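Consider the single chain below, provided in structure tokens and representing the form predicted alone.
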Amino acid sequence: MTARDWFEKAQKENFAIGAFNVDNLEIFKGIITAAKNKNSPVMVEFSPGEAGYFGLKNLVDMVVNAREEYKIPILLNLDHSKTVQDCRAAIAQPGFDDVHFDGSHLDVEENIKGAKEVVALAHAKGIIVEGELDKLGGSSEVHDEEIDEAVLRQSYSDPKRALRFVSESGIDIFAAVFGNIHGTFPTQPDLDIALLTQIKGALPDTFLSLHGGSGIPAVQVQSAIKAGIVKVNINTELRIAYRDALVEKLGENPKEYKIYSFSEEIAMAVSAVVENKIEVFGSSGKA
């Protein structure tokens, strides 16, 4: 099945596919192990920074090898690519299922132009494209500050603008902004499910994604899935699980220099988070 097939299945059966960012090998192993344990499709994704760390060819080979070894559907995505050039590089490297052109830092016309160019290149290779119109705030970190919800609301997606953006660019997945934000905060804002319902009404034939899924209560994520979300992005919670497990193991083994000796336990800490998310998303047993 292609990425499009999987998202169509998710939409029809009312579940979402988890899209998990990969910082390192332990996080990758944790994601794949969880997907295998839950018999779930999964998407692994790499921001330009993460892709630069691994190297495009290396990360494609890593995913291809994991598909063969684990015998589960693993989709590969380039996440939050800010340039057409970066998207072009991923599209030229066989193995990607999805590329995310994030032109939210551009004016609307330039964003549409860039997304349209990426769509033409990607669709020629059978790759789907995600687009972002409204800049999602925050960063994939643990934040101590409180969110100014009045400011946050200024970035929410407008259904009419979203319709124009999708219609003119031809993207397959629209990154909706309706209370979601990158990172975790002392008080997470509530998702505006009513707005999401309006966005889905304006874009009935477009897949919708939820970025900034870390820290959002399960019940709200499930409400968003019922309203049309088929892809949920998780990054910060994986980084937290990895870092906490690493710090714990180093504390228990201060004279150990073979980090790989407890890397499996670190991966399992990540896996526990991913398994929980898979249950929340409803994708368990769907592979």
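Just so we're clear, the structure is a prediction, and the values are computed from it rather than from any experiment. Counting begins at 1, following the sequence as shown.
The form predicted in complex with a small molecule is left out here; the points below concern that form.
K.L.:
In the predicted complex, do G126, D172 and T206 all put a heavy atom within 4.5 Å of the small molecule?
P.N.:
Checking in the predicted complex: none of G126, D172 and T206 is within 4.5 Å of the small molecule.
K.L.:
Name the stretch: of 257 to 265, 22 to 30, 66 to 74, 233 to 241, exactly one has residues whose heavy atoms fall within 4.5 Å of the small molecule in the predicted complex.
P.N.:
Heavy-atom contact with the partner occurs in 233 to 241.
K.L.:
Within a 4.5 Å heavy atom cut-off, is I181 in contact with the small molecule in the predicted complex?
P.N.:
Because a heavy atom of I181 falls inside 4.5 Å of the small molecule in the predicted complex, the answer is yes.
K.L.:
Might G131 be said to contact the small molecule in the predicted complex, defining contact as any heavy atom within 4.5 Å?
P.N.:
Although the small molecule is absent here, G131 would stay clear of it in the predicted complex, with no heavy atoms inside 4.5 Å.
K.L.:
Is D79 part of the interface with the small molecule in the predicted complex - any heavy atom within 4.5 Å?
P.N.:
It does: once the small molecule is placed as it appears in the predicted complex, D79 has a heavy atom within 4.5 Å of it.
K.L.:
Given that the partner is absent here, does N111 sit within 4.5 Å of the small molecule in the predicted complex, heavy atoms only?
P.N.:
Because no heavy atom of N111 falls inside 4.5 Å of the small molecule in the predicted complex, the answer is no.
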